[in-house]
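Only one chain is given next, in structure tokens, and it is the form predicted alone.
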Amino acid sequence: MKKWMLLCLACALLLAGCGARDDAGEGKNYADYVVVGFSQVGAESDWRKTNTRSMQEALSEENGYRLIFDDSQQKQERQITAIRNFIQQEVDYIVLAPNTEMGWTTVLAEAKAAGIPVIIVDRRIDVADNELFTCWVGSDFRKEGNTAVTWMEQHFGDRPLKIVHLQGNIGPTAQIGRTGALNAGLAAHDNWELVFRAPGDYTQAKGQELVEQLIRDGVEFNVIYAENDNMAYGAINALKAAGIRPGEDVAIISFDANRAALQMILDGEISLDVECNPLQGPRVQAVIEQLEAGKTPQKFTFVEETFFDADTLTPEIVESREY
């Protein structure tokens, strides 16, 4: 790859809205580095910020990489623009954390024509030709949802459940998998009733806003199924402000298992948190090292994940948590 073109095109990168190269790298010969363009969904949650940090730490200059980072701010069109900028700069690899599953065929065909391997992380993409991307690294989101549904079956039994469902933004694999699992659970249990469902956009503010409105409207519920920790935090704030005890009056089911959420399990506020592992940087680094060595990585790689509740969590686990 013509890595020297990075410096010539740095200004074009800035104008296009991609992540800027920092001045601390001036004077270095970037022809000696593996150059990676990374298009991230955004910074909407603690999970997402940890995921970004994991990529930055793994694909660092100390490890032999030059990482060009782009924050798409939840906009697919920004990600498509970023990928095209990466192609123009002749990066060695493109890493994409897609905002949604659909709409990637054209731009990934452009990357393939340019001979640039594309590694998909976190969410999946829906394309007719899987040869448009090299491999995918991420979570089994349907399995995560199934874990939550199984836990609810085991812990609530025949108890009537009135469930509030706080979805993520509609379309990404995480939302599709976790929603699909809950839908299956609702269909299988006559004692489960969905009383409310709406996108909370994976943000604490939106999760709090939705639950506050439910309380004002007098909606009765005893379970909140929040598709990430940040929405669960917002829901808990709304419950507490209304004098409703999270974990006692209302069970909180969440996903991500950030350290703050795990502490809330110990405090009795969150009932279950299914892990979604954001530490994908080392796995992406391992994939690139395979490709650099002329090897073929697995097409799909799932990260290892578990779940936490009051029966399985200890203070030591929380203390040792990396995120």
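One rule holds for the numbers: they count along the sequence shown, beginning at 1. Keep in mind that what you see is a predicted model, and the values were worked out from it rather than measured.
Form predicted together with beta-D-galactofuranose (GZL): not shown, discussed below.
Quick one: from S54, Q285, S271, S45, grab the residue that has a heavy atom within 4.5 Å of beta-D-galactofuranose (GZL) in the predicted complex.
-> Checked against the cut-off, the match is S45.
Would you mind picking the one in Y225, F141, F86, Y233 that has a heavy atom within 4.5 Å of beta-D-galactofuranose (GZL) in the predicted complex?
-> Looking at Y225, F141, F86, Y233 one by one, just F141 meets the 4.5 Å heavy-atom criterion.
So, R123, A174 and Y202: all three within 4.5 Å of beta-D-galactofuranose (GZL) in the predicted complex by heavy atoms, or not?
-> Yes, the whole candidate spot contacts beta-D-galactofuranose (GZL).
Only one of 186-194, 88-96, 225-233, 145-153 gets a heavy atom within 4.5 Å of beta-D-galactofuranose (GZL) in the predicted complex; which is it?
-> Heavy atoms within 4.5 Å of beta-D-galactofuranose (GZL) in the predicted complex occur in 225-233.
Partner proximity in the predicted complex: C276 to beta-D-galactofuranose (GZL), non-hydrogen atom cutoff 4.5 Å = C276: contacts beta-D-galactofuranose (GZL) in the predicted complex.
Out of 254-271, which residues reach within 4.5 Å of beta-D-galactofuranose (GZL) in the predicted complex, heavy atoms considered?
-> Counting only heavy atoms within 4.5 Å of beta-D-galactofuranose (GZL) in the predicted complex, the single contacting residue of 254-271 is D256.
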